[in-house]
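Before any questions on how it binds or moves, here is one chain, the form predicted alone, in structure tokens.
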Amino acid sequence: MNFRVLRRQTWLYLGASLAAFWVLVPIVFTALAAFTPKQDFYLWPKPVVPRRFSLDTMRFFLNTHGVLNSLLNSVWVALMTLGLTLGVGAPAGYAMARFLFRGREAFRLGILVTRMFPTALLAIPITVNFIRWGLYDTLLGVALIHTAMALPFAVIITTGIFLGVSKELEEAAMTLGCSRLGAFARVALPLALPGLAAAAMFTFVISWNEVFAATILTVQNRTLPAQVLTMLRVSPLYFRFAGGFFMIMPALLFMFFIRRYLFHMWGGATAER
């Protein structure tokens, strides 16, 4: 093997290992702390790996008032956000990739410009309008805000994916009797599933972890991050680690189940047998 190629691969693997280490170490230590018995949590000197494990901390977290309801709220909000974002973002990305129209580049830039305005700046106008429309303290209202946050990136991602799908395949399908919509549903959409999986992962993580909008727009129907945030000042340290672990796991599980599509998109393992 060429020495230059070997050196390049070595640096590549080293960089990938460091990046994985940087991401995984906090998750591992959060998980270890979440399953450490409460009476062992404040031991000093504290061992890196707990001497024993227990579900007491997780039970304490789950049995805390409001946690289970907020967990269900987070699931519903994330699913609604996912459906709204992909339902609007996929057709919008397809239109951006397939059709030429006046102002297309300006429109594409305008999609990203919408992310320039921080949520804190828009907090009061959004709250006032949601109260007027009857959306304040509702899961639908939070899902709409999360959709507005994720939709620009979903449109950009799906635009790039549909640009990579051969236009000739759709034209061949239309010559065989498919309509434009039928060619999109039967040809372009299945080929774009890896990219849609990436957009779905991004959307789900944004909705699951978002805390600011969920906090200011809800009082009774809080999502899990908003519920945990409101309890941080009066909660013990082990409660915070249990909450952090519980908020990390659903996003990791979601990415685990759609990893096959991501591998297809990135040219990795193309099949899992």
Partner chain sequence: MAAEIKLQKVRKEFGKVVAVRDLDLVVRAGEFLVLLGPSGCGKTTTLRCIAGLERVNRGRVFIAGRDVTELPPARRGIAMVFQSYAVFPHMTVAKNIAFGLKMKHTPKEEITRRVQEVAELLQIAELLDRYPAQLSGGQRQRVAVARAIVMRPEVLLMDEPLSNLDALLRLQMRAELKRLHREIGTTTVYVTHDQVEALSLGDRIAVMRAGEIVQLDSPTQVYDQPATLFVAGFIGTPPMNFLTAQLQAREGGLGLKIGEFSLELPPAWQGKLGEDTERTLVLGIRAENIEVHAQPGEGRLPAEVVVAEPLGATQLLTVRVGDDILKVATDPDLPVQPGQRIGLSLVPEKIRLFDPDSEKALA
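Bear in mind the structure is a predicted one, so any value in this text is a computation, not a measurement. Numbering follows the first chain given and starts at 1.
Absent from the display: the form predicted in complex with the partner chain. The rest refers to it.
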**Asked** Should A173 be classed as touching the partner chain in the predicted bound form when contacts are defined as heavy atoms within 4.5 Å?
**Response** yes
**Message:** Against the partner chain in the predicted bound form, would L72 count as a contact residue? Criterion: heavy atoms within 4.5 Å.
**Reply:** no
**Message:** Taking the partner chain as it sits in the predicted bound form, is G83 in contact with it (heavy atom to heavy atom, 4.5 Å or less)?
**Reply:** no
**Message:** When the contact criterion is heavy atoms within 4.5 Å, does L193 count as touching the partner chain in the predicted bound form?
**Reply:** no
